[in-house]
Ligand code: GRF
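Shown next as structure tokens: one chain only, the form predicted on its own.
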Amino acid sequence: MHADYTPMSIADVQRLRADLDQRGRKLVFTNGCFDLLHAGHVRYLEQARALGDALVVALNSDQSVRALKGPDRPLNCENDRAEVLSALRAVDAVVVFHDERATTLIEAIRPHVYAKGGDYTVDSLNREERKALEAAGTEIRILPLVPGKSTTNTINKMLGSNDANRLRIAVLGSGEGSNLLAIINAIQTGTLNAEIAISLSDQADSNFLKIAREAGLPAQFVNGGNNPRKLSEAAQKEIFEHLERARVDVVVLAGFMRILKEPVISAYAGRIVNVHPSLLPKHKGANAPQLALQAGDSETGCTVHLVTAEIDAGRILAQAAVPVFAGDTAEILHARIKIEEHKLLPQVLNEWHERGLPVRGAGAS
């Protein structure tokens, strides 16, 4: 390749597709960031090329990669990434796109075959992209991953044990974001030795995301699907990808109202914490302050605990008690509980290493 290399345009790829179609041949399409090319990528692209007669790679632009992976990515600029990809024998064309998703490109190109890595299933593909593929009549093929070969693993090896005591945390929330703000304040005042690597919300207009963005944090909205209590399979997968890209030690659920399942629960076993507004094991689930009032409790409080597949049943790490007063409503009681949550959660995170709890690459699954 030469210095003035430029990627293909959408119109170029449309002409390529039309030519192949006229000759009864197939255009294979895949997409990704490819910001640190490794053997896993090369083998995957060779497998994808074998599915048809030409392979087009849709490459996330620098702007798109930053939106997906945070301000410290991509590692290489889009023109360099496109040039390197184009030099591979398996790749026939590269086209750059600026959205977070390749939906518009899929609609424009209408590939015969769509290839994706084995960390996906058909059901866990992004809902918009899958809908576009189905509308185009595209065959979807899931290809196996190369074990141990990933961008995240490569970056982790390069970083080594740099600042090993500082936790890299992800914070997930659905509402006002008061616990997120408490964590930010604790970090800024030096009472919590951590950094927020990613913040995620299932509510696009949440105050949680507003707080995160005003603080200059990587902040992402994840469309959780139609069930207000459960995440779709695609959303579970998308959250997992954000956590992996951010190289997270600990996942913090701070008012996150949907249930985490696979693949996050297994991959981050022992590294997911939740703050719950009751003294567990009493009053599990939603509306805990109201349940305390209905039970006539004289005392309730908050609990920071590890998250498992069973709701509010993981190991209790710390608790703080709050009195229940005559005349309390659920809202008044919950506000008093939150004051203690804002103290307890940063404290537990700051003591993570001292408690012998796992982190990334140190005994965590």
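Because the structure is a prediction, the values reported are computed rather than measured. Numbers for residues come from their place in the sequence shown, where the first is 1.
This next part talks about the form predicted together with the ligand, which is not shown.
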Handout entry: Contact assignment for the ligand in the predicted complex, among S178, T103, T154, Q203, heavy atom within 4.5 Å
Key = S178
Completion exercise
Students should find that, of G117, G270, P263, G255, the residue having a non-hydrogen atom no more than 4.5 angstroms from the ligand in the predicted complex is G255
Problem - 4.5 Å heavy atom contact, V275 and the ligand in the predicted complex - result: yes
Problem - R49: touches the ligand in the predicted complex, heavy atom cutoff 4.5 angstroms - result: no
Exercise for the section: Using a 4.5 Å heavy atom cut-off, state whether K26 contacts the ligand in the predicted complex. Expected result: no
Problem - Contact label in the predicted complex: H334 to the ligand, heavy atom within 4.5 Å - result: yes
Exercise for the section: Could you tell me which stretch in 84-92, 104-112, 215-223, 168-176 has residues with non-hydrogen atoms within 4.5 Å of the ligand in the predicted complex? Expected result: 168-176
Problem - in the predicted complex: members of 327-344 within 4.5 Å of the ligand, any heavy atom - result: H334, K338, E341
